[in-house]
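Below you will find one chain, with nothing else, as structure tokens; this is the form predicted alone, and questions on how it binds or moves follow later.
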Amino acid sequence: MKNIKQLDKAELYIVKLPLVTPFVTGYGVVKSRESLLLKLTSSGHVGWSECASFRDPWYHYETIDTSLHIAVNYLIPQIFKAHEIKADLISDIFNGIKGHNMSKAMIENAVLDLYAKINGKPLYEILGGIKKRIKSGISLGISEDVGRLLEQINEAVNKKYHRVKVKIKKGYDVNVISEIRSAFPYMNLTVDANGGYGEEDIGILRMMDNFDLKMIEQPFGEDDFSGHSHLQKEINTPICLDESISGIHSVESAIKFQSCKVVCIKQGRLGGMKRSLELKDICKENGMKVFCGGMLETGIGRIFNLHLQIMDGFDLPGDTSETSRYFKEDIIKESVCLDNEGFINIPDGNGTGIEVDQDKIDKFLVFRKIMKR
């Protein structure tokens, strides 16, 4: 395999795409997706990636501004210094920089896309995967209009989504899920609390056992491994940890405390594709199921999630849905669509297989920076 000899240029973009409908969670309301993108160029080849960070630190301490700062002032200068870049060792270059996994993932993923294209192979093959169709999953935000929520679920069922996830919060939980389950008794249903409950709410969460949920995602705070362990002993529904999982040490804590039975792997938050695969293997070795989570990504970030879900071990449907669920216009030329059985197909081609629409990037552009060797 050919390594990347040198990087010639790095281009950073911030784009702002309006959402089709506001996405409401326990954290607040998201009306548009502002995203930091990276384009790396080497000898005529181009690699793209997207940073998972949001504009504000409501989900994670990293924001678009901090990710941009770390990338421009620390990460990109380091890879510019390299006379040869080995894609499987890119993480080692950043070992001296603590944290900032979202920035690191953005760099690593663009390097992997570039490396795959230089070698004329699809990304999943570079990672050791075999092409297959991917199960779809949809995540629905909090809606005060439960009737409208039921309509959205019915649309998802008709499209044959393999899993529906519904956001919950205190006061918007048992009654809503009861209505959903009555209307859709056999649907693959999960709920996501985004850490909005505490041990005083165990009685409420225990009532969720009545609804045959596949899992309850992140009921307690992100650092509360012991609390989740106690809760998992009190309820039959599997607990999934999401925000709690920031790296190998957090997975080890979840294993030690027996805090969950499922782990949500978000490659953008964990430092990239390679680190995500390491965590997936640790989870599987310890009897925990995994799925790939989403971060309201544009098509550039979404395609990396799809390549990750091809890998062995991602058996549960992830958070990846159709482009039209979130955006009227995306910044890639191939929209993500479901087939007639609710599966998603990876596009053909080298690297991620997508074609970025530069005109759409220019249309939604907020910021651009060019860096050269």
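A residue's number is simply how far along the shown sequence it sits, counting from 1. Worth saying up front: this structure is predicted, and the values here are computed from it rather than measured.
One more form of this protein exists, namely the form predicted together with a small molecule; it is left out here, but the text below deals with it.
Q: Counting only non-hydrogen atoms and a 4.5 Å threshold, tell me whether Tyr161, Phe304 and Gln309 all contact the small molecule in the model of the complex.
A: None of them does, since no heavy atom lies within 4.5 Å of the partner.
Q: Based on heavy atom distances of 4.5 Å or less, which listed stretch (271-279, 123-131, 161-169, 75-83) is in contact with the small molecule in the model of the complex?
A: It is 161-169 that comes within 4.5 Å of the partner.
Q: Go through Ser143, Thr190, Asn101, Ser139 and name the one with a heavy atom inside 4.5 Å of the small molecule in the model of the complex.
A: Contact residue from the list: Ser139.
Q: Tell me, out of Asn194, Ser259, Thr237, Ser244, which residue has a non-hydrogen atom within 4.5 angstroms of the small molecule in the model of the complex.
A: Exactly one listed residue reaches within 4.5 Å, namely Asn194.
Q: Taking the shortest heavy atom distance, is Ile90 within 4.5 Å of the small molecule in the model of the complex?
A: Ile90: no, not in contact with the small molecule in the model of the complex.
Q: Classify Tyr13 as contacting or not contacting the small molecule in the model of the complex by the rule of any non-hydrogen atom within 4.5 angstroms, answering yes or no.
A: Residue-level check for Tyr13: no, no contact with the small molecule.
Q: Please tell me whether any heavy atom belonging to Phe314 falls inside 4.5 Å of a heavy atom of the small molecule, as the geometry stands in the model of the complex.
A: No, no contact at 4.5 Å.
Q: Spell out, yes or no, whether the shortest heavy atom distance between Lys117 and the small molecule in the model of the complex is within 4.5 Å.
A: It does not: once the small molecule is placed as it appears in the model of the complex, Lys117 has no heavy atom within 4.5 Å of it.
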